[in-house]
Each structure stands twice: as structure tokens, then as C-alpha cells.
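As a starting point, one isolated chain is supplied in C-alpha cells, in the form predicted on its own.
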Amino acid sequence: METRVRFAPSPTGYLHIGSARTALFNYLYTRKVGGKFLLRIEDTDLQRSTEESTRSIIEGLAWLGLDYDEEIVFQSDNASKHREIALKLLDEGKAYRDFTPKELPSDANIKEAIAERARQNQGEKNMRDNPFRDLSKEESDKKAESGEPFAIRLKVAESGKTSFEDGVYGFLERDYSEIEDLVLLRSDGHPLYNLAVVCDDIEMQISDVVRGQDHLTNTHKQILIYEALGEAPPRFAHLPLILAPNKGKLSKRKHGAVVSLTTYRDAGFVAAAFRNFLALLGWSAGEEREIYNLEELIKKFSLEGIHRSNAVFNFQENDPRHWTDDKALWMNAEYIRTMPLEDLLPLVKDELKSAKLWREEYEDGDKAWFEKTVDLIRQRFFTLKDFSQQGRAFFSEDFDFDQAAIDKNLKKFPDLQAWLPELADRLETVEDFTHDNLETVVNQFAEEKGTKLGVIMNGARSVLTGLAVGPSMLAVFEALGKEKSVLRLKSQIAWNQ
């Protein structure tokens, strides 16, 4: 049987990083065996589902490089099929009508009524304690024909157990006595989640369901529906949750943008780096290694490598400067520093375009300069945003000065206000503006002034780039060129900060 998996998000908000990891694990699992990765949008909550959320999901998957193999399935399009199947189970006596008084129109109220009966029954909750469960077909039909509202419930057997072999947690079972008679259709004819999921998974020929641990309870319920329909359930694997640093649930409501995948895309994360980071949240290849490209992840991935314990996303909850996991930031920096330059250049181009710093000459006459400069400055950067922020001085004359750098490297050495313009005059006479020639001039200048070379270099760095740290200053001189280096060394802008 062909391996067919699905990622089935609800479009009621942005793509949560937990959902993104679920999509990634599904993708790796099926790509390893040459199967199919499908996308189903579970938009049955019509009041909360939005086109914007659907677009966010699709864009997020595209950013991570998780391509799906068939047309997107929208669950709401199949509602009529779900209703037909519920009615079929009703006709076969596997389900029953649960008539709801007009003052209690919702399924939630039905549950409360059953709970109240349980409380009256000395606290013993009887999952089969429903007055309509054993109503004869004739009586049920008569009440329905008279217009009484009703939900349709699956008739769960009095005794027995559901069980399955989970791909992560092993053998799991649950007693029927712990499962209520499932609502298949609400009184308004709306199919409920468990019915819709089973129907769609059957129609899509899903062979494996890989989803979050929070669905374990649903799995036992869905197995009952498979059995009622006479269908073999798929294989199941449930993933550990991703928790906040305090070991609480990582939620959209509480943690806001921290849990949104688009936050990391828009903050300058490299997709391949964040994908790598997500893969290691709750999974390991069993080796002392952390950097994997997509092909390597596919080759190494297995359900056996998924941890049973929950993963923790270690961001600083009370410090907005540390909104992301330090490991994610470290990994992103590793990718920026080591990824093939030809892969990095288009990402830098997009970032410079968004910051209105891009010039078409960077793909024409200044192409070699652009490539060399990006390769030079990427070594200390953590995100793509750094190219337009910390690296702005290489692409624009309009850049900011870090006050701490000015105070440390310039104002502590007031002689530099006269010395740096003098150095500019020396550099202006250098015909071959390259590393070795520049080194000779700057070393000689520092000796003449009787100061440490670092004082000259650090001061020059602050007026040329606005920063306290960066690549070798000789390389910075060479990258900026003679004209810009001379003009900036003579400028008094930094001294007026």
C-alpha cells in the first residue's frame, strides 16, 4: 500500500510552529519511502476560518519547502458526504437520534444534561445514560417527522476496548466505558470533527496519521467510527507537544507572535535553518550532530527517533529582546555563515529590496563586489535582517551610529578626531587600494602617532560602519573602496552623536 499522509490544519489563525513541525514530520516520513504528502484544510468552523489564515498556512509550507502532491482538500466541501455517512450509520442501527429540547439546542448542552444525570446518580458517570439511546426506530422516526430537533450519536458498545499500536508511544488502549456516545451530527446538521476526519481520511486513502499528542483521545473515538463503517483504520503516530519555557502549553493566545511561523520568516530567518531547528524539536537521529539539509533529514528521519517527552521552546518569556529560542538563533547564524554563497545571495537580495537598499548594479557591473562583500560581512550575522541593519553602511551612506561604539572607540580617544582625517589623506595616496598596501600605511600611521594599532582600527570602524565590531578593518577599507573610506574618515558626523 502506498504511504499517504496528510497535514490537516484548521485555518482559524496563523500557522503555529507546533503545526509546522507536524507538517515537517509528515513530510519527512513519507518522502523517505517515496509516498505522498497531502494538504487538507479543516475549515468546518465557518465562523472562525478565514482566507487569510489559509493563505498563511500555504505560504508557511512553501517557505519551509514542504510541497504537497495533490490538490488541496477543503473539508467544508465534503460536508454533504459526512452527513450521508452519519445517516447511513443511523439506518444501520449503529447510531441514534438524540432529541434535543428546543431550549437546549447545542451539543454542549446535551453533554451538560448527561453530566447532570450522572451527578444525580451519585456521581457515577454512565456514558450510555441517554434517554434516546434505545428508542425504537418507529418512535425515533415519528419524533423526527414531527420536527423535533436532534443530534446523531454513534452507539458505542457497553463493553470492550479500543486499541492501536502507536508509532511513538507503542501499544495504547482505552475502555469503552470511558468514551461517550460520539456526536456525529449536531442538531443543525453540521458534521462534527471526528466524523469529518474519518470520512476524509478514508476518501483520501490516508495510510498513516502523524499528528500531535493532544489528539490521542480523538484517535480512540475515531477508531470506533472506522469500525462502524467497516473500514481498517490507518497507522497512527502521535508527536510530543512543544511547551513554553515554564513547561506550560505554547499557545497562540498567551505567547502571540512567538508561536507564529511567519514571525521567523519576517524576522530574517533562513527557511532551511528554521526547518532544521524544527526537526530537532522532539526528534533526534541518534548522533552527535545538529546541522542537516533537507535531503539528510529525509534520509535520517524515523518515527523511532521521536522522543516521548515533550519538547521545550526556550525563548525568554519576559524579555522581548529574546523572543526566539537561542538555539534557533544560533542555528540560523550557522546557516548564514556556512551555506553556499550562491544560496545566500538571493536571500540577501530580497532583504535589501525590502529595505530599499538594493541596486540593480549588484547583478551587473558590481556583481563581484556584491558577492565579495556579502561573503565578508555574513560571518557575524544572526539573521538576514542584519544585512540591512548592521550591514547597512556597506550599501548606503544613510546608516546609524551605535552610541556605545562611539563612546568606546572615539570619545575615549579625542585625538582621533584629528588623526582619522589625517589617515584619510594618507589612504588617498594609495594607488592599489588592497589589503597588503593598506596594512603598511595604517601600521606606519599608528607608529607615528605612538598609539596602538587597535585604537586607530576601532576608531576607523566606528566612523566607517557605525559599529564596534565587524570583519577585519583592512577588509572593510577594501570593501568600501578608497572614495567612501576617505570621505567617512574625514566626516565629523560620528563625533556629533
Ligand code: GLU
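Start at 1 and count along the sequence shown; that's the residue number. Keep in mind it's a predicted model, so treat the numbers as computed, not measured.
Keep in mind the form predicted together with glutamic acid (GLU) is missing from the figure; the text below concerns it.
The listed set Trp330, Trp369, Tyr169, Tyr193 contains one residue whose heavy atoms approach glutamic acid (GLU) in the model of the complex to within 4.5 Å, identified as Tyr193. Shown without its partner, this chain lists Ala151, Val197, Val348, Leu239 as candidates; in the model of the complex, only Val197 has a non-hydrogen atom within 4.5 angstroms of glutamic acid (GLU).
At a distance threshold of 4.5 angstroms between non-hydrogen atoms, Arg97 is out of contact with glutamic acid (GLU) in the model of the complex. The closest heavy atom approach of Gly18 to glutamic acid (GLU) in the model of the complex falls outside 4.5 Å. In the model of the complex, glutamic acid (GLU) sits within 4.5 Å of a heavy atom of Arg211.
In the model of the complex, glutamic acid (GLU) lies within 4.5 Å of some heavy atom of His215.
Scanning 1-36 for heavy atoms within 4.5 Å of glutamic acid (GLU) in the model of the complex gives Arg6, Ala8, Pro9, Ser10 in sequence order.
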